[in-house]
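Below you will find one chain, with nothing else, as structure tokens; this is the form predicted on its own, and questions on how it binds or moves follow later.
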Amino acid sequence: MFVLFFFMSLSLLSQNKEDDASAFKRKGIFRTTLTFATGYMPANNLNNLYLTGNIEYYTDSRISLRGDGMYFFNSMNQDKTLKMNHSIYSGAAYHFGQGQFDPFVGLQTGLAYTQCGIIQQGMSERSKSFSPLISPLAGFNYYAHKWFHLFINIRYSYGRLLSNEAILPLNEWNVSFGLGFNVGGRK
């Protein structure tokens, strides 16, 4: 009798979890995040620190439109090759998961606002410049509740600093994770 009751309880619990997962609808979710990100520029051997955030809207359960911004704080190395490296991105993502677990891949184009930190002899300050970027990204979201989610993002940015004084690669790996907020989803 006890064994029968135990298996019936497990069956009901798993059915409720499946109902909860299928009840979570991504279409129409508007979500946002704000967190810190670390970056590594292999060509320049720089480790950077950013404040990063994004806004994303799910047009359906598989496709979302996404905009990201990254505010450059500083390089964590002694080498101050970059004084500024702020960037913005816009693009789309494709989502693979169902229910609350949401792995994704995406592609965004962007623009970096950059300034070199090393001043050459005879110059008072390096000029600031805008440089185009392209960035594939991947990660996952876990919608723990209808109002918030946990996330991990991995991004690779490809670009080149275009200024009169220097041409530097802006290729960089970025990682961010944290807690995000969303509106909509459960019906």
Partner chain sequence: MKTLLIAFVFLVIDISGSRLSAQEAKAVKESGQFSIGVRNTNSLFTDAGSPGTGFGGQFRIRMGKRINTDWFADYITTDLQGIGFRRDAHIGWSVLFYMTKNPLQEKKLSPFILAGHCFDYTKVYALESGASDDRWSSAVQMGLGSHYNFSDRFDVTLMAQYMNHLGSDLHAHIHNENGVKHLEIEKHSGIGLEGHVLVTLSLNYRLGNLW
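Positions refer to the first chain, counted from 1. This is a predicted model, so every value here is computed, not measured.
Below: the form predicted together with its partner chain, not depicted.
Only one segment in the set 153-161, 28-36, 41-49, 139-147 has residues whose heavy atoms sit within 4.5 Å of its partner chain in the predicted complex; it is 153-161.
Proximity of residue 179 to its partner chain in the predicted complex: non-hydrogen atoms within 4.5 Å are absent; the residue sits far from the partner. Interface residue remark: residue 94 is counted as part of the site for its partner chain in the predicted complex, having a heavy atom within 4.5 Å. Not displayed here, its partner chain is approached by residue 107 to within 4.5 Å at the level of heavy atoms in the predicted complex. At the 4.5 Å threshold, heavy atoms of residue 65 reach its partner chain in the predicted complex. Of the residues in 128-159, those that come within 4.5 Å of its partner chain in the predicted complex through at least one heavy atom are, in sequence order, 129, 130, 132, 133, 134, 158.
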